[in-house]
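Only one chain comes next, encoded as structure tokens, the form predicted alone.
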């Protein structure tokens, strides 16, 4: 299919130009174009029918990976740049796990972290990883005001976020990680690099005695979209991090989340994926926390 007629195309040179261009239209009539891997499909199917496209490709302020009291990634940073970065350490390694297997090579070379998080598709890797790593969205409004929104509050439901119509996501920041922190992400799809039927992200911290002192777990692919798994987190914290503790935590997750049945997998299969993927992810995250 072809998109509905588009009246205007704007390629701003500054962030101020970008948000002011959006503000000239009624809500929903103008859209930001990041990598376009989701938006263009939505426009072709006429699920989205904008009058104006504001193309962010030339805004260098929205690109790049920076380490300074934590990790900051520009909203227009492409998956391939995240996957190949030497700056991302074990605490944030789940980002690279996900970026290496998002879509195919063409998608990884065009798709962006910010675009994925703002689209917030239920079967998408990056919203869950951002949630699992405790990311914070940095937003710029048309009036010049900025605000920071945690991933827990930003990701409301599939295709729904807390971003206002006149706001631009400029970057995603992740807090400085304590020593002995590691993270991992893994998904299962019908084919290699497909959208996740289920994906699991985990970030853990070990104390001096080798026990788990902090944990964040997030899931993707379920009907509620990216979501935390507090039942599993609670059982990991304080544990000695052996396989039985991991399995108890994963079983608690299975018992606490709604897993849908559809043409890709039924509920029982999704539950089993949480168990098997989760165990692999937990082993990888704890190994990275130990520096292995």
Ligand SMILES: Cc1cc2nc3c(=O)[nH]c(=O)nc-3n(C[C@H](O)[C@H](O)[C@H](O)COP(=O)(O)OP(=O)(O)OC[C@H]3O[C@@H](n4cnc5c(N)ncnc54)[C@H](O)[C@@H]3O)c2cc1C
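Residue numbers count along the first chain shown, from 1. The shown structure was predicted, so the numbers you read here are calculated from the model rather than taken from an experiment.
The form predicted together with the named molecule exists for this protein as well; it is not shown, and the discussion that follows is about that form.
The partner is absent here; in the model of the complex, the one residue of 153, 84, 160, 104 having a heavy atom within 4.5 Å of the named molecule is 104. Contact with the named molecule in the model of the complex, defined as a heavy atom within 4.5 Å, holds for exactly one of 204, 218, 75, 71, namely 75. The named molecule is not shown here, but in the model of the complex it comes within 4.5 Å of a heavy atom of residue 34. At the 4.5 Å threshold, heavy atoms of residue 186 stay clear of the named molecule in the model of the complex, well away from it. Taking the partner from elsewhere, residue 168 is found to have a heavy atom lying within 4.5 Å of the named molecule in the model of the complex. Residue 119 belongs to the set of residues with a heavy atom inside 4.5 Å of the named molecule in the model of the complex. Screening 206-214, 110-118, 85-93, 175-183 for residues having heavy atoms within 4.5 Å of the named molecule in the model of the complex returns a single hit, 110-118. Shown here without the named molecule, the chain has 187, 193, 194, 195, 196 in 179-211 lying with a heavy atom within 4.5 Å of that partner in the model of the complex.
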